[in-house]
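Only one chain is included here, represented as structure tokens and corresponding to the form predicted alone.
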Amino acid sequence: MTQVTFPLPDVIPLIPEMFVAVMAMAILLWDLFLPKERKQWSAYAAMATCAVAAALTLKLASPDSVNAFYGFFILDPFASYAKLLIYAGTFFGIVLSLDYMKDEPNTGEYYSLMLFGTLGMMLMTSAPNFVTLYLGLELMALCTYVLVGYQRDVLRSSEAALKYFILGSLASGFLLYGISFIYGVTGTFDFAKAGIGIAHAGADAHMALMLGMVFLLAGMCFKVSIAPFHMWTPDAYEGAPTPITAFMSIGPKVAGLVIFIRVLADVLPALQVDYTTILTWLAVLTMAVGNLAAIAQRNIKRMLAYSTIGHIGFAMLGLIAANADGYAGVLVYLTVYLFMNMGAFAIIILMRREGIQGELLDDFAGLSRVRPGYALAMGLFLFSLAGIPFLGGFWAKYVVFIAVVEAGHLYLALTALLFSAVGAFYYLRVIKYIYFDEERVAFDFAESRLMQATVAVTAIAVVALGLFPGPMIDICKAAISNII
């Protein structure tokens, strides 16, 4: 029997992935032996896993691209930065889960699934070919399906998970179908080689390439909630445990948009005119659906689901620009969105108390009179989501708007500006409930130091990124330098 061995240079770039995989399995087993009163130790172990993985990623980071495992894995500044965002999203998601899940059974499985989902996202960000992409995508998706339906005794949770699973399976089929067309024309799964093959393909392969591109884009659009492939998002966000909603709003979106950038930059540059037309129409539809549908929502989790769809539409402007500034703008958008969205969900979870889920707009009425600090923080997050100067959300939109204008799509930037103004309405409506309405429920919720720290850190980050955006923008441009 032939023994297969991997040289050390192929193993070293995967140390963070291997560490997360081992810790996810270890936490799953360790939790079996923990007494009920110490189940939260699993959460602390998962948080430590994210912190150590981030340190390992920073230690391995370099300005050069490193290929490993015969071209099935790549470590470059782009992947390293995206992984840091994913670690942060997972870390915050675990912190938000501490009090929310303390009465739930089998919490070890819950945190282990979060780490396995994180592992899938890490593989996606380091995918230089369709095989690694699909393996990472399905690992992430399968974990997320289970996490959405984790509260099996809650009907809306089970319903949301089933819808998400069925539609997600259909989207995976679209993705595989698109990959098969591209492989049929180019004879390779490697992104760079497939891009060269497409550039040199004859006219007789044009129809196959168009079909492959359309199905490939459709599958990826589903994963990041681009309309009309967004149908699962409101139900999944509303039905999932709120910490999982926060987790889903960051990690999978980072991984999905990173893969979008890699595919557009490496696989489809020869088809830029064609995919730009498709993405332009999808961006307008996504901004319209996200911002207009959010106005009608009374459940704040469902409102933030449509808000996420709208923000993905804005981030798509960077994809449509298809240049270094546009792709860097997507990273800036994801960075700022991480803090303002996690902060908003932390406030929502703090609103949860006996008999009240804290998910309705009425639950926030009069918050400023009783909890002025939390009211101020929620106001900052909502103003930032609306793109009000000079908070982080303003610069997130500014960089992608400028990139798409410089790419010659002025009409698209004006359309996005219009929908941004529309979106400000439903954020300001929540501010109105918080500051100008009378109390309708008692604000007697319990607070933990970690949750207070999460709200404080995210609020400070939103303000700091708004006042001093330069370093963040420079880092994002450096991270994208190897892609363009």
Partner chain sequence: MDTMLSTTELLAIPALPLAAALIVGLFGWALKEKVSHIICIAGVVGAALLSVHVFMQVLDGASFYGNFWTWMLSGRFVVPVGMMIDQLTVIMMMTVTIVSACVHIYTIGYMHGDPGYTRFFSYISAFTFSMLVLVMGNSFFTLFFGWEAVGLFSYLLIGFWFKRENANVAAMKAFIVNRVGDFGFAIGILAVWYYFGTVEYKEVFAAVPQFVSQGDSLHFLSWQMDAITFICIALFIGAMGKSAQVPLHVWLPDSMEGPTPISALIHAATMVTAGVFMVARLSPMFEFSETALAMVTVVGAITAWLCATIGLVQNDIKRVIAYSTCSQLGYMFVACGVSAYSVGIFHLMTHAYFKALLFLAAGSVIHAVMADQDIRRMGQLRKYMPATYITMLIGALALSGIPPFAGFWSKDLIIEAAAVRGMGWVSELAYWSVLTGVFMTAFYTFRMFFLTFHNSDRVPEETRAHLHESPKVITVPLMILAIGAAVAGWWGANILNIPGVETANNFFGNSIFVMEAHNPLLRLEEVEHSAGGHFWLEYGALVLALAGMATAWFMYFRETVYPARLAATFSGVHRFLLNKWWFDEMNWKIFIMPARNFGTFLWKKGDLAMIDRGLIHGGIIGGVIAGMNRMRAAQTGMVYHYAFAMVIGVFVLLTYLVLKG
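Please read these numbers as outputs of a predicted model, since none were measured by experiment. Residue numbers count along the first chain shown, from 1.
Form predicted together with the partner chain: not shown, discussed below.
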Item to check | Listed range touching the partner chain, judged in the model of the complex by heavy atoms within 4.5 Å, from 255-263, 360-368, 295-303, 328-336 | outcome: 295-303
Next on the checklist: Exactly one residue in 196, 167, 402, 324 has a non-hydrogen atom within 4.5 Å of the partner chain in the model of the complex; which is it?
Outcome noted: 167
Checklist entry - Within a 4.5 Å heavy atom cut-off, is residue 274 in contact with the partner chain in the model of the complex? => result yes
Next on the checklist: With a cut-off of 4.5 Å between heavy atoms, is residue 282 one of the residues that contacts the partner chain in the model of the complex?
Outcome noted: yes
Checklist entry - For residue 155, is any heavy atom within 4.5 Å of the partner chain in the model of the complex, or not? => result no
Checklist entry - With a 4.5 Å heavy atom cut-off, would you call residue 207 a contact of the partner chain in the model of the complex? => result yes
Checklist entry - in the model of the complex, do 235, 278 and 289 all put a heavy atom within 4.5 Å of the partner chain? => result yes
Next on the checklist: Under the 4.5 Å heavy atom criterion, name the residues of 224-246 that approach the partner chain in the model of the complex, in sequence order.
Outcome noted: 228, 229, 230, 231, 232, 234, 235
